[in-house]
Structure formats: C-alpha cells, structure tokens
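Below you'll find only one chain, the form predicted alone, shown as structure tokens.
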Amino acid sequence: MKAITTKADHVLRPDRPTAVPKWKKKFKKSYFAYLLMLPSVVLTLIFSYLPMPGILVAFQDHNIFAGLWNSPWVGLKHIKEVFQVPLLRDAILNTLMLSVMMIIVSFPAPILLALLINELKNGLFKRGVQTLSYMPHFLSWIAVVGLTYSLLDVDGPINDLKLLLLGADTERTMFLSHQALFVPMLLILSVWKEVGWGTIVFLAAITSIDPSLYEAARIDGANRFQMHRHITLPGLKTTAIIMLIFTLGGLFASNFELVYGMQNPFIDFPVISTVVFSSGIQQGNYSTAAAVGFVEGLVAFTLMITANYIAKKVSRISIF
C-alpha cells in the first residue's frame, strides 16, 4: 500500500529552542544572592576546610622539622592521654560545666529580653533600648576584660562605692582573686555582651507571627501573659530549637579570650582552649593539643547530630 503523505509533512518546522536546565534558571534568578555568599564560602574553605589535614598531627609524635608526612605515627596514643592526664581531664570537665551553665543562663536570656522589648509601645524608647543592648556586642572580649579589671580592681570604683556605703574602715576586696566568683563573672559578662545581639533573631521571629492571632485572642479576653504563652512562645519554638541545636554543637567550645583574659595567679580553672594554647603553642606539644581539639570536635559533632535527631523526633523541627 502506498503511504499517504499530507502537505503538512513537507512544511519545514522551526527548530525548538533548547531547554535551559533548571539549575541555570535558579542561578540566573538568584545570582546576586550567590555573589553575596561567595566571600563567606571562600573564607570557610580557607579557614575551616584547608586546615583539616592538620588533624593528622593528633596521631603522630609530630616533629615540625620532619613535617606532616615524615613524623612517626603513634596511633591513638595522644587521644588516650586526653582522658588520662589529670590536667586535660580537669579541662574537659571544667569546659563541660561552664558550657552547660552558659546554656542554662544565656540561652533563655535573649528570648526573655525580646519578649520585653516587644512589649514596649514607645517607638523611640524601644529603639533606644535595642541600640543600647546591641552595643556591648561590638566590644572585643579583651576590651570587656579590661573594663572588668578596672571596675573590680582593689582601687576601682566598686571598692570605692563599698567604702562609701559601709564606711572608710571597711576592707577592700580583691574580687578578681576569688575562685568562687570566677565562673559567675564569666556568666555575667557573657550575658551582658551577647544578650542584646541575640534578640535580633527572636524579634524577627516575633514580627513574623500573624497579628490576627493576637486580635482573635484579645477578642476572646486573653491577657498579655496568655497571649505570650499560647501565641508568641509557640511561634518562637522553631527558631529556638534551631538556635539550641547550633548552641549544643558548640558545647565544648569555651570562650578562650574571656577565660584566658580573666585568669590570674589566684585562679585555677583550665578549660580546653587554654590548655590547647598553653600546651600546644607555648610548650610545643602540638600532638597533644591536636588530640584535644580532635576530641572536642568529635564530641561537638556527636552532640549536634543527637540534638538534631531528638528535635526532629519530638517536634519535627531540624536543621537537616
């Protein structure tokens, strides 16, 4: 049978344009955001990923003259030392205790301050409070330590005020030499410096809550406390859980500048970061310092994965 052809079969159809891959469309749409992100990615690669081969030092008796690949390998020798040497064991326990107390004290503080700032009705006063609470964040930790030494010095204004209130015969106090005051001072300084800056995330989360929920609650006769309990706090739950997961990831990352700056001959409170500095940098025990850092990173990674898993199971909120 002869094939039937139609006139339309002989018409030359124009070439269809080649389909653009989806990733190219997304990149073209968001290229400016990627451009802004580029410096952060480059800095992360340089300072976080490129130094990673240095962790091999923890498994060697490292000799800086022999180099990374020619130093003798010793397996887990230095990892075992982390748990056997009393100084390192004390540093781990001190770091754990300080970090747990820091989370208990400093984690809820920005949430409470954000709730209080959100209640302010006078816009000018509200912005003033926010600005004043943010300002300590821009001070370096060394500047904070210097201010603390000036205030709490034996001849400082705190002791002058004490003498003014209690009489000139009152003995001046060496606040900075009291071991019992060391940890409370670290907690107070950490909260003072970072509480305002931490409210930014939670204030942004509060503004994203649907205002109609508050209107409905107000019509139903709810007071401010009930609105916070049933609307604001549930609205902050996702942000709070994500921030808590990140915080737990840094549980073993003690604030070196603050702890080292506040230490003096009267204070005996080693933490992981100060031991790494004194042992690794000052005494040249690079392998031990690297082993401490390796254990610290391993524990932090495990804590973050565990916290993320528990949060996902309990509230279906997770970072991955």
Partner chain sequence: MNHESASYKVFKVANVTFLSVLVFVMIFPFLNVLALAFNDPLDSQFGGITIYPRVFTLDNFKLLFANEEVIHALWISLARVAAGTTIAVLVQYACAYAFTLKDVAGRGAILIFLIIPMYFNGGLIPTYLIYSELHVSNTFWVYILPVSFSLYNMVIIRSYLYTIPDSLGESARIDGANDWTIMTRIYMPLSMPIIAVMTLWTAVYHWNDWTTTLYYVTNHKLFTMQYILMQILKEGERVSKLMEEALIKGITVVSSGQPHITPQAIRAANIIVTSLPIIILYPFLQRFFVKGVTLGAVKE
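Quick caveat: nothing in here was measured; it's all calculated off a predicted structure. In this text, the rigid core denotes the largest set of C-alpha atoms whose superposition between the two forms falls within 1.5 Å. Positions refer to the first chain, counted from 1.
The form predicted together with the partner chain exists for this protein as well; it is not shown, and the discussion that follows is about that form.
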Q) Leu236, Leu113, Ile92, Leu98: which sits within 4.5 Å of the partner chain in the predicted bound form by any heavy atom? A) Leu113
Q | Heavy atom distance at most 4.5 Å to the partner chain in the predicted bound form, all of Tyr34, Thr131 and Ala204 | A | yes
Q.
Quick check on Trp192: any heavy atom within 4.5 Å of the partner chain in the predicted bound form?
A. yes
Q: State yes or no: in the predicted bound form, is some non-hydrogen atom of His178 no more than 4.5 angstroms from a non-hydrogen atom of the partner chain?
A: no
(Q) With a cut-off of 4.5 Å between heavy atoms, is Phe301 one of the residues that contacts the partner chain in the predicted bound form? (A) yes
**Q.** is_contact(Arg172, the partner chain) in the predicted bound form, heavy atom dist at most 4.5 Å
**A.** yes
Q: Select from 40-58 the residues with a non-hydrogen atom within 4.5 Å of the partner chain in the predicted bound form and write them out in sequence order.
A: Ser40, Val41, Leu43, Thr44, Leu45, Ile46, Phe47, Ser48, Tyr49, Leu50, Pro51, Met52, Gly54, Ile55, Val57
(Q) Phe32: after superposing the rigid core, is there a C-alpha shift of 2 Å or more between the shown form and the other one? (A) yes
Q. Core aligned, does the CA of Ser71 move at least 2 Å between the shown form and the other one?
A. yes
Q: Align both forms on the core first, then report whether Ser48 has a C-alpha shift of 2 Å or more between the shown form and the other one.
A: yes
